[in-house]
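There is one chain below, alone, in structure tokens, taken in the form predicted on its own.
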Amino acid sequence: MDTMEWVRGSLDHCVKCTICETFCPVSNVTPLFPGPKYVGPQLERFRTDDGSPDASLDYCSGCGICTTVCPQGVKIAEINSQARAKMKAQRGIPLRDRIIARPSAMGKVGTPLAPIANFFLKNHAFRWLVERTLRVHRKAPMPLFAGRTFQSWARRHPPLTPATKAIVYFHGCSANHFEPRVAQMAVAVLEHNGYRVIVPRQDCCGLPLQSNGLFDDARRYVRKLARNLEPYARRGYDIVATSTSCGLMLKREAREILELEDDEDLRTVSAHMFDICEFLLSLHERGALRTDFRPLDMRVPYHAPCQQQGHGIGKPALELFGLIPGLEVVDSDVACCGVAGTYGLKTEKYDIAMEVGAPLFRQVTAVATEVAACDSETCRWQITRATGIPSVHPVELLYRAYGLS
């Protein structure tokens, strides 16, 4: 049985318990999306090669919560993603979706022109024009270009000596073009724990393309990235990611949704893929993590993003935070911030995304004394934009507590 047959076959295990409906963050705030059970296992039985009979499928954010909570193991989110790709291929994919699904291409254009590009991104008139022409909401969170890529920094960064171990860092598009400081702090934390950090040349993981129904393009990106990382995985190096969604793409989603289970390079990479907090916690459990943390007298709200739940690793950042003296962390326990990658950028979905994230925004505003913490870059941008409170990757708090700043 191939991957697509296995994913689609899982719908027969659906007992219509509606747990997925209860947990779905989108169907609970808008009637435009009737729920994951309806557009997933139920509607899949009526789909043909002609596509989906119901366009409400496009209002699924792809957060993956339905698959995570299903007690019968039905691959609901995966079924929906594949069906949405077929529907979009037949009905046409807007230019907007083709553009925002290519963050590395935007980064390559915008990084050398960062001062000019950032001026326009902060200009209300320009954002209004973009909303009117491309239908990207003028208030949606848009990251600013860093002006210098993390890759350029890494090529000039002297390796740690002496280092007894080596690890590969998969930084993703956001850390390369928009948040290189996050990547630099991740390198510093790993080096502090005795690792020589290898940073191969790399490009997008293809997740935004997959989410927007551009499966063929996504497969090309995934295969190229897997080829670049496979030689290190084959030699036994672990690979860590600071983006929970990009890490999950290489761990599981590309094989299940894009039907790349037979790609040997990807299978090898998947077996060595870790979220950075997952990896650091595993070090601690083996007694190998340095715990020379200085006190951080802060009260920080923490949000575990949807895609992290798909890893099945719990909330490793929370356990790591517990090692830092003086740090008081409040777990939001909110399912979703609403943005879901590129979903919340779109004019027709922006209000839905904000309504989904409203409980989280209220908690962050009530709790934060300085910053909020979240593992996913798009979620951090959403939280910061909605609350005005800076949201940081958990690795930044570890970096501070190690006294590396």
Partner chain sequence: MSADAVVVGAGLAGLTAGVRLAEAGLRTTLVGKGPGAMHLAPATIDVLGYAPDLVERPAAALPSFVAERPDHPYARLSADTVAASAEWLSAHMPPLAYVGTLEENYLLPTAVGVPKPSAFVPEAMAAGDLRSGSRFAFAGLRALKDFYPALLADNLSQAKLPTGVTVDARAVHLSDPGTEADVSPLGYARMFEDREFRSVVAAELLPRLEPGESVGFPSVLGLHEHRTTWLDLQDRLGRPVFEVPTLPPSVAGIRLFHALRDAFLAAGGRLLIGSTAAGAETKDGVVTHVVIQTAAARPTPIEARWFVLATGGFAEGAIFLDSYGEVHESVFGLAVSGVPAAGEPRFVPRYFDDQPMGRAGIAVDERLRPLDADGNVAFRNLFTAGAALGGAEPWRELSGNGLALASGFAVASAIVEWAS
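Positions refer to the first chain, counted from 1. A quick note: this is a predicted structure, and the numbers were derived from the prediction, not measured.
Here the subject shifts to the form predicted in complex with the partner chain, a form of this protein not shown in this document.
Here is the short version: of 264, 285, 297, 216, the single residue with a heavy atom within 4.5 Å of the partner chain in the predicted bound form is 285. Comment: the partner chain is not present in this chain, but in the predicted bound form one of 149, 202, 82, 309 has a heavy atom within 4.5 Å of it, namely 309. Taken together, the three residues 116, 139 and 347 all stay farther than 4.5 Å from the partner chain in the predicted bound form, as judged by their closest heavy atom. Picking from 376-384, 62-70, 336-344, 363-371 the stretch near the partner chain in the predicted bound form, with a 4.5 Å limit on heavy atoms, gives 62-70.
Remark: residue 94 does not count among the residues lining the partner chain in the predicted bound form, judged by a heavy atom distance of 4.5 Å or less. Remark: residue 314 counts among the residues lining the partner chain in the predicted bound form, judged by a heavy atom distance of 4.5 Å or less.
A residue is said to contact a partner when one of its heavy atoms sits within 4.5 Å of a partner heavy atom; residue 271 meets this definition for the partner chain in the predicted bound form. Interface residue remark: residue 230 is not counted as part of the site for the partner chain in the predicted bound form, having no heavy atom within 4.5 Å.
For the partner-free chain shown, 17, 18, 19, 22, 23, 28, 31 of 12-35 come within 4.5 angstroms of the partner chain in the predicted bound form, judged by any non-hydrogen atom.
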